[in-house]
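Starting off, we have a lone chain in the form predicted alone, written out as structure tokens.
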């Protein structure tokens, strides 16, 4: 094993030292593993640490929590725990284990093992490296499958040919890592990946897990790259026939991040921000297909509403929005009923820069515009409460948006003249 000099924050190094000493006192061996190790070599150390123990990981986590004044949550089915250390963050602690899959896409059965067998169960060689934390061997690298060499050469390589069949969600991880680290999926690994895609093994994965993988894609620094790669590999329609990246969406992808940024700057709330990206994956579905997709991915009710609305408004709404002399009030009538995530994607996917600017101007104006009159003003004029209120207020707002009134005073005068006997 080779020892490396890493730029590790003092707080993190101190914790790793304590972990190694605790394991040594218990007659066990502890290793830092997975993404933490990979990111150290990439010089982008993170706070979350994964620890694997050759021994009893659950008991070890409890001892570590006591040592650091932390809380621990155990997941005994997989022999894993999460220790949340105050002022530091999460430390995942697991028993070294092997995994076997009864069928593709199923959750694995686990058995205790040594560290090398534990590394072999992982997805890619770049995630199958470990750093010893044992005193005397502190930060020595264990790399039985050549992960460091793959990292240097910029390639994502699976550990065995059944990797994507055992766990098809690794298809999404391969794409995420390839795009995040600007690497490439190794040739044989891509062959195995495509075989799993064509074999429809993705269909064996639960909707919840697939939805979570897509969400992780949308959290990447450049989701558009990963989305296009998924399309290139034929992954999306294997999730559901309603998924794909049509030509209009491909043109929209580079604009989505800017559109989301515009909404943030203008303080327009996006409750389901990832769903702005998700709309780029919709291959012009019918309402029935949208409902089927929502069920397949087990989308939440707000997410379902976004998918359904998207199916009903695209792309016909652009014809009305881009017409000559379209008033702001007309734009309001078309856009107001839509979820803000739909509005954001419509701006990103606008077929022309002129329409995109028009929508940006509209959203800015609407966000800054507050109705000059409200129900209490109508009541003060002696107008009896009832269905007329909605009509009067809407008409007043439309006239305000279209610039027919200059101020609140003119609006009130119009109401008195038009609706008060």
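Residue numbers count along the first chain shown, from 1. Fair warning: this is a prediction, and the values are worked out from it, not measured in the lab.
Keep in mind that the form predicted together with adenosine-5'-triphosphate is not shown, yet the notes after this line are about it.
Mapping the unseen interface onto this chain, residue 177 counts among the residues with a heavy atom inside 4.5 Å of adenosine-5'-triphosphate in the predicted complex. Proximity of residue 356 to adenosine-5'-triphosphate in the predicted complex: non-hydrogen atoms within 4.5 Å are absent; the residue sits far from the partner. The closest heavy atom approach of residue 155 to adenosine-5'-triphosphate in the predicted complex falls outside 4.5 Å.
Among heavy atoms of residue 143, none comes within 4.5 Å of adenosine-5'-triphosphate in the predicted complex. Only one of 331-339, 227-235, 167-175, 272-280 lies within 4.5 Å of adenosine-5'-triphosphate in the predicted complex by heavy atoms, and it is 167-175. A single residue from the set 305, 121, 314, 296 has any heavy atom within 4.5 angstroms of adenosine-5'-triphosphate in the predicted complex; that residue is 121. Residue in contact with adenosine-5'-triphosphate in the predicted complex (any heavy atom within 4.5 Å), chosen from 35, 361, 375, 371: 35.
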